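Below, in structure tokens: the form predicted alone, a single chain.
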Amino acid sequence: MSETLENTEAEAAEQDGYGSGAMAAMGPEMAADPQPVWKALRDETPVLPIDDLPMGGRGVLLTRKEDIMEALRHPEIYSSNMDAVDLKNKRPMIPLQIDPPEHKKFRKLLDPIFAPRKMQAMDDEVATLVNRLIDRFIDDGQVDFAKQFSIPFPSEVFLTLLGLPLEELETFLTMKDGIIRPDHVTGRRYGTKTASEYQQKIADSVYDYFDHVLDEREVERRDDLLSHFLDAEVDGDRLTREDILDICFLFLIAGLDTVTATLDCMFAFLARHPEHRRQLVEDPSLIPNAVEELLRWETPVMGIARVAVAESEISGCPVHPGDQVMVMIGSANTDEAEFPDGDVVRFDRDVNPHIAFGGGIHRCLGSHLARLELRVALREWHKRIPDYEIEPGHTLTYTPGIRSIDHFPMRFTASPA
């Protein structure tokens, strides 16, 4: 899910700086129920010029899938190599912020490592992690789903991939949160000196951490992701140490929060819609389709950004070099022109061309891993906890940009042992 993270994090952090109009509406209330906003934008202003972005400059907001795919399929006009967000990374994150022709080289090296067959081979390991987490609260009848499941789970999967001990979980969460939400950690607004200094310190520590682990793998290879990076070679091309560090930086910030947010959105939907939940309990074979349909309907990462590098236009709207092009993938996934019954959640939808993982050449490198995590989580959870609800009286609060839920109290009834 790495395609979609870095730009939406800034949007989430800066929402109240967008002023009036559509962008100002994209706060927590909209994040809780975005579909009506998407429809209104598609109907009224599908291509919306924004003259004064908070970080300066001009932008264009796209909400129709046809226009969005035009931007995503033409990196020579709408580039991903941008500094829309300052995450204190030393170099562009690979492969997300690399455009052609260099992008092709990196995908040829990395795609085989994240191929569906290799990700599927992790099914048993991932299932063990899911059940290990459930074991900790199964007897309680209640859980904070975010803190006790959706936050630790993807980080534990990532640690397993890297061949690192699960005891490193707190280190990973500290690094992730220190880069993505330094304002939460320091108690100050994003962009203040305190938060920025803390973010820089954490970002530097990420490079140091992985540099140290790579030193160990250089001496002794293991059957893990870092060793595969060190040995990857296609047509004589290999990854340099800096390349691997830039990939690790991206995966730390992009592969953890997005899966967490997706789990939050999926389980919140299922908690509110018992008829859909019963379908999965009674027929687990529906789970792969359900994952795709909930990715489409919920679309945890609402939008991503590109920067125009050439003069162009989209549906008659001029786009100038330097303009930010903000593509609302959540809107594309409910566009009536693509999905005639897009306002209906159907787990029997066989053809589902959603773009929750982005589109074009920068489509998410880790999508097969993310799908595996989601399928296994839904399968193992519903085996053991078929009946659950949001704590009565509690209203879930979604973060803008990436629709995660910081506090998700849930009551449940477990299956008999």
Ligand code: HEM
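Sequential numbering from 1, following the sequence displayed. Computed from a predicted structure; not experimentally measured.
In what follows, reference is made to the form predicted in complex with the named molecule, a form of this protein that is not presented.
K.L.:
According to a 4.5 angstroms non-hydrogen atom cut-off, is Tyr388 in contact with the named molecule in the model of the complex?
P.N.:
Tyr388: no, not in contact with the named molecule in the model of the complex.
K.L.:
With a 4.5 Å heavy atom cut-off, would you call Gly255 a contact of the named molecule in the model of the complex?
P.N.:
Yes.
K.L.:
Does the 4.5 Å heavy atom contact test between Gly358 and the named molecule in the model of the complex come out positive?
P.N.:
Output for Gly358 is yes: heavy atoms within 4.5 Å of the named molecule.
K.L.:
Flag Arg375 as yes or no: does it have a non-hydrogen atom within 4.5 angstroms of any non-hydrogen atom of the named molecule in the model of the complex?
P.N.:
Close contact is absent here: in the model of the complex, Arg375 is far from the named molecule, nothing within 4.5 Å, heavy atoms only.
K.L.:
Contact check in the model of the complex: Trp38, Ala71 and Val307 versus the named molecule, with a cutoff of 4.5 Å between any heavy atoms. Do all three pass?
P.N.:
So, no: the whole triplet misses the named molecule.
K.L.:
Could you spot which one of Ala290, Val259, Met326, Ile180 gets a heavy atom to within 4.5 Å of the named molecule in the model of the complex?
P.N.:
That would be Val259.
K.L.:
State the residue from Lys383, Arg349, Arg363, Arg58 whose non-hydrogen atoms include one within 4.5 Å of the named molecule in the model of the complex.
P.N.:
Spelling it out, the residue with a heavy atom inside the cut-off is Arg363.
K.L.:
What stretch, of 122-130, 204-212, 95-103, 336-344, brings heavy atoms to within 4.5 Å of the named molecule in the model of the complex?
P.N.:
Correct option: 95-103.
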